[in-house]
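Take a look at this single chain in structure tokens; it is the form predicted on its own.
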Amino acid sequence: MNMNTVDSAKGRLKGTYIAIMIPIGVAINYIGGIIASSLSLPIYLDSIGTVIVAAIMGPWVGAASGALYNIVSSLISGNIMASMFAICNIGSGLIVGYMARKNHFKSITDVIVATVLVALWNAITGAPIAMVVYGGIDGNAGTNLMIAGLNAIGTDLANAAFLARIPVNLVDKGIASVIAWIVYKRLPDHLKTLNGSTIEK
């Protein structure tokens, strides 16, 4: 078997995994979001699928899965403006995906770093989007409670929308990152390179 045949087979295999993993990521995000909303949890749970797919398949596949979730969920809810939150999920996928590709998603320290980076990205991008889409207040009980508290002590709505999202996202993205890390660590070695990384000896 020549190298071209081997490369072609690998390409088809990765294409198959991409076709499978993107909708799985969308479904996990959607289910997580429904659970958080139904139980009025103070977190979102709608990026777990994005982070899992990014860790396994790499940054762009993870980002695509996250963006598709936000588009689908906004269409289902009838609020197409909410699809703007795809920017948050795209960033989450890129951050974790590139960390995994560079073999920096292997230890608990890596998970903490990923959590902080993803949480900050989501707070920075999510706050102005929430201002546009919802006037600063969204459907998350935890975020809204903290926004109300910050407003009560004199913080303006824009700053309150940002500050409130930091602790919420640290918990939310921490859960997503830990789950993705556990899933990734349990993969067989030949699947750990689907994200473009190399197995360290």
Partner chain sequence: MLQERDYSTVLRSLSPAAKLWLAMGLIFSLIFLKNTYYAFAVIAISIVTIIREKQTGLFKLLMVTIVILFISMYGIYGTMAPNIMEGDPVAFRIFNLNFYTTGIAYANRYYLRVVPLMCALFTIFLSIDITDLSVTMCKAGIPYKYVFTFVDSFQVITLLRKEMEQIRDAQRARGLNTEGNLIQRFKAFVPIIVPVVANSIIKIQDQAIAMETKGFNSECKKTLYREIPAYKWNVPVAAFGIALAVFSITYRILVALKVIEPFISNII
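Positions refer to the first chain, counted from 1. Keep in mind it's a predicted model, so treat the numbers as computed, not measured.
There is another form of the same protein, the form predicted together with its partner chain; it is not shown, and what comes next is about it.
- Put simply, residue 185 is far from its partner chain in the model of the complex: not one heavy atom of it is within 4.5 Å.
- In the model of the complex, its partner chain stays beyond 4.5 Å of every heavy atom belonging to residue 164.
- Using a 4.5 Å cutoff between non-hydrogen atoms, residue 136 counts as a contact of its partner chain in the model of the complex.
- Remark: residue 144 counts among the residues lining its partner chain in the model of the complex, judged by a heavy atom distance of 4.5 Å or less.
- Applying a 4.5 Å heavy atom cutoff to its partner chain in the model of the complex picks out 72, 75, 76, 77, 78, 79, 80, 81 from 71 to 91, in order along the sequence.
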